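Here you get one chain, nothing else, as structure tokens; it is the form predicted alone.
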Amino acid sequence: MSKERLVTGIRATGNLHIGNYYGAMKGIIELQEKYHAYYFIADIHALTTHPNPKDLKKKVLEVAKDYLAVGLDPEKSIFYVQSSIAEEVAELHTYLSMVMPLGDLMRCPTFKEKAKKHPDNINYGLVGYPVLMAADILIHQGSLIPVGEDQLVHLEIARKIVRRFNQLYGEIFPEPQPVIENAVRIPSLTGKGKMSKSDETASYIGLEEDTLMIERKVKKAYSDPTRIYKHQPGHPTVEGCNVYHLHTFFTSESERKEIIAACQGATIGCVQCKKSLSESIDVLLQPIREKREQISEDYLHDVLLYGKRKAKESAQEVISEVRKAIGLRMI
């Protein structure tokens, strides 16, 4: 029995950070063993915010390095840049848009949120983002999609598109199912929401950052708002202290127990607690940094070219089947 097809991508819009690692990248090794996995860098999606072309190219390569550094094996999965199969994805996106009501897209919570945040940049690409996401998935007939909670609404739109398309043209696509077992929300250093690469760099720890930078950023992290002086007992809980919340992801249980006792007993202050957190994060990132530094541009180019060929082969098979079902290209 052949493995199920899993498809997942990440936008090339900024440096990847420890939130991305825990939320989308940590399970890569396990997933590429278990499924027929497609990993792509979504550079077309990034165009909704009009990035500088030179910056976009650079970010694509940086994201590729990060994926390889955390354990993606291009021999076990198909790793490519979204625009490498732009012809097939854009064509499928057009066909899928024909069965997707505009009203449903405009009622999408993420669209309304972005339109409110950027009222001067409400373009079709922003409205049609979920349709392009559906094309990314269905161009490989993906059936499993790792997603965070914020992307579940987009996946539901993809599922709706599949049902409508299949009803019109036959059972061409599987209805994609979410894989949310690895969905983790790492809190921002600012204490406001989760880490996001679209926020200011002081709010997250990048995968490439060195020991000194990690220490500097964590030192400024939002902690227990009720603890002003060291002699005051702290509140080392997920709800009571943002720094302790971060410890729950990066620090061992035995060390956390010591931190809880020392904080509640006021024998350590926030400075010492933050130093311990920065050390825990550095231990996680050190092997990733070392592997990242070993990846040459030539190797990166070869990997992405190999991935392009494999992704192109899969995409062309699917788009050919779709054209035939719709009744296009008879000659």
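Numbering starts at 1 and runs along the sequence shown. These numbers come from a predicted model, not from an experiment. For the two forms, the rigid core is made up of the largest set of C-alpha atoms that agree within 1.5 Å on superposition.
The discussion below concerns the form predicted in complex with a small molecule, not included here.
Note on the partner interface in the predicted complex: the residue among K160, K194, R256, R227 having a heavy atom within 4.5 angstroms of the small molecule is K194. For the options Q177, T237, S198, N121, the residue carrying a heavy atom within 4.5 angstroms of the small molecule in the predicted complex is S198. When the small molecule is considered in the predicted complex, K219 lies well away from it, no heavy atom lying within 4.5 Å. None of the heavy atoms of K308 is located within 4.5 Å of the small molecule in the predicted complex.
Mapping the unseen interface onto this chain, R185 counts among the residues with a heavy atom inside 4.5 Å of the small molecule in the predicted complex.
Using a 4.5 angstroms limit between non-hydrogen atoms, G206 is distant from the small molecule in the predicted complex. Contact with the small molecule in the predicted complex, defined as any heavy atom within 4.5 Å, is confined among 70 to 78, 93 to 101, 186 to 194, 207 to 215 to 186 to 194. The Cα position of V89 differs by less than 2 Å between the shown form and the other one after fitting on the rigid core.
Remark: with the core as the superposition reference, the CA shift of E200 between the shown form and the other one reaches 2 Å or more. Annotation: Cα of F79 displaced by less than 2 Å between the shown form and the other one, core superposition.
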